[in-house]
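Okay, here we've got a single chain as structure tokens, the form predicted on its own, with questions on binding and movement later.
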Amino acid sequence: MVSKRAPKSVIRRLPVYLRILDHLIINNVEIISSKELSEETGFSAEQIRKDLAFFGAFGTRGSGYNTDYLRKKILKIIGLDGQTNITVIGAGHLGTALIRYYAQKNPYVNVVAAFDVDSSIVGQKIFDIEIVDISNIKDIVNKYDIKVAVMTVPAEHAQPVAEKVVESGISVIFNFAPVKLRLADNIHVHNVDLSIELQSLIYYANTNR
């Protein structure tokens, strides 16, 4: 379980360490120092040591971290030592792409259902994942113990859909809709606006900086 002492910034960096460790283990690297992790992640060695110190002592002074041991510890800290059931809400182009990605490329999550309101696609399947009418969300969430909702709905529908998601029992939302959701403080929302991300990058394409 994640330590209550760890700030959000630390939690956001842990998956970066995990990705690097996955790559190192595939390449048979058994030990890595905080300096080498710094070179791989872009974070300072001091920052890495502080981040990991929130959860215990995982390295050996003068030697470094055992990659397999550290990976297992980070998996447990985040809660990725077992698959987490998630759902994608909005089975349009982006939603379908995310379902395909999570089903094929992400071993830490299990997409158990997709929801939409479009009667022309409800009942269809993406891989083995059925698209269900969102009116049934509470029953499906309870049946599969779904922990996270990934929302890819239009902005004008995002708030009422998010409220329905919360009513179903889900308290963690990954929101791709370009709108700020107004929900209770105990609901964890991470917003991703792809248009803003791209527009900010265009700045660098049109300057000499």
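Predicted, not measured: the structure shown is a model, and the values here were computed from it. Think of the rigid core as the biggest set of C-alphas that the two forms share within 1.5 Å after superposition. Residue numbers here begin at 1 and follow the sequence given.
One more form of this protein, predicted together with a further copy of the same chain, exists but is not displayed; see below.
Position in contact with a further copy of the same chain when the complex is considered in the predicted bound form, options 98, 131, 112, 137, heavy atoms within 4.5 Å: In short, 98.
Heavy atom of residue 158 within 4.5 Å of a further copy of the same chain in the predicted bound form: No.
4.5 Å heavy atom contact, residue 50 to a further copy of the same chain in the predicted bound form: Contact check for residue 50: no, nothing within 4.5 Å of a further copy of the same chain in the predicted bound form.
Distance check, residue 25 to a further copy of the same chain in the predicted bound form, heavy atom within 4.5 Å: The answer is no: residue 25 has no heavy atom within 4.5 Å of a further copy of the same chain.
4.5 Å heavy atom contact, residue 29 and a further copy of the same chain in the predicted bound form: Judged by the heavy-atom cut-off of 4.5 Å, residue 29 is well away from a further copy of the same chain in the predicted bound form.
Options 158-166, 63-71, 137-145, 33-41; stretch whose heavy atom lies within 4.5 Å of a further copy of the same chain in the predicted bound form: Result for this chain: 33-41.
Residues in 48-87 with any heavy atom within 4.5 Å of a further copy of the same chain in the predicted bound form: In sequence order, 77, 78, 79, 80, 84, 86 come within 4.5 Å of the partner.
Threshold 2 Å Cα movement between this form and the one not shown at residue 199, rigid core reference: Yes; residue 199 is a residue whose C-alpha shifts (by 2 Å or more) between this form and the one not shown when the cores are overlaid.
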